[in-house]
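Below you'll find only one chain, the form predicted on its own, shown as structure tokens.
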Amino acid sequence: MTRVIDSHTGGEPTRVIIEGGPDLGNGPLSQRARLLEDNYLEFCRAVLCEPRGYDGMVGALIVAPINEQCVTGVIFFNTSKNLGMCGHATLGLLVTLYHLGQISFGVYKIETPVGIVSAQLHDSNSASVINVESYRYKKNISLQVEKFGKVTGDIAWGGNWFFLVQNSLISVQTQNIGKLVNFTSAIRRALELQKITAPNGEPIDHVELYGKPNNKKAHSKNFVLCSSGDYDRSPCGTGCSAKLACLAEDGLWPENKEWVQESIIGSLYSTRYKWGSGHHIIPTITGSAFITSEATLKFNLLDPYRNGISF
């Protein structure tokens, strides 16, 4: 039996596992995250894939933290792998913990596999997360993309690795979602084929495009292809962090000034940053999350798709 609470942040779903997850021991969170991906990927897919979920859903497995100052530890994952950090899911996690009566309004520390993040619950549906230090790794990297030609972008870290393209060949608009998925998938394949990676050979598994916003409050509109192969419905917290790191290093956006990011479906994040160490920044992401359901997942041994439908 696995108990979950579902929420969405800016339209992007989070499924928090509150009971019935695998026993990963009590080692460092990075070690437990690796154990989850290596030994329990079937569980992750069963929880998130159809017929119980879909590729756009992100899981958040609550675990005991190592650091006693943290209210909880959490391991984020999607249908294909772990996520080092996830902004929208952290906001969803805070709202879920409040829904469970485990926290009240205020500031909390949360332990993730890539470090401790601070987060503040403002009210029952809005929160902010101070993300891990973010930075640009390489600027103006060009690659040849099959059927699309030359594409240039930046490689940056915001808790996940991103290839950020400022001038998208396809307009970043909702009616183009299918085309944008094809375009960003082709970019990711080109990165793999041309062996363009993050440090230590880590794959760049998120691709982010930017365009003009529809909402007058926003500064840009984005489209994010996640490592699962689906797109982010929210403005993407780790993607916003990577974007702010590029803007900051180029001197295009000042410290502590609000940057409003619009998602492909029109939801908004309010973001800002402070300088960290070196050329790194410390981003803050603010958004809204809402509980959508509570459920007990059943895994009938007679069900041929009890472990999810995945390809």
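Each residue number is its position in the shown sequence, starting from 1. Only a predicted model underlies this, so the values are computations on that prediction, with no experimental measurement involved.
This protein has a second form, the form predicted in complex with a small molecule, left out of what is shown; the following refers to that one.
Colleague: Okay, which stretch from 177 to 185, 86 to 94, 191 to 199, 109 to 117 lines the small molecule in the predicted complex, with non-hydrogen atoms inside 4.5 Å?
Modeller: Flagged stretch: 86 to 94.
Colleague: Within 4.5 Å, heavy atoms only: does Glu208 come near the small molecule in the predicted complex?
Modeller: No - in the predicted complex, heavy atoms of Glu208 and the small molecule never come within 4.5 Å of each other.
Colleague: Should Ser134 be counted as a contact of the small molecule in the predicted complex, where contact means heavy atoms within 4.5 Å?
Modeller: Ser134 lies outside the contact set for the small molecule.
Colleague: Look up in the predicted complex whether Cys226 has a non-hydrogen atom within 4.5 angstroms of the small molecule, and give yes or no.
Modeller: Yes, Cys226 sits close enough to the small molecule in the predicted complex that at least one of its heavy atoms falls within 4.5 Å.
Colleague: Find out whether any non-hydrogen atom of Ile281 is located within 4.5 angstroms of the small molecule in the predicted complex, and reply yes or no.
Modeller: No, no contact at 4.5 Å.
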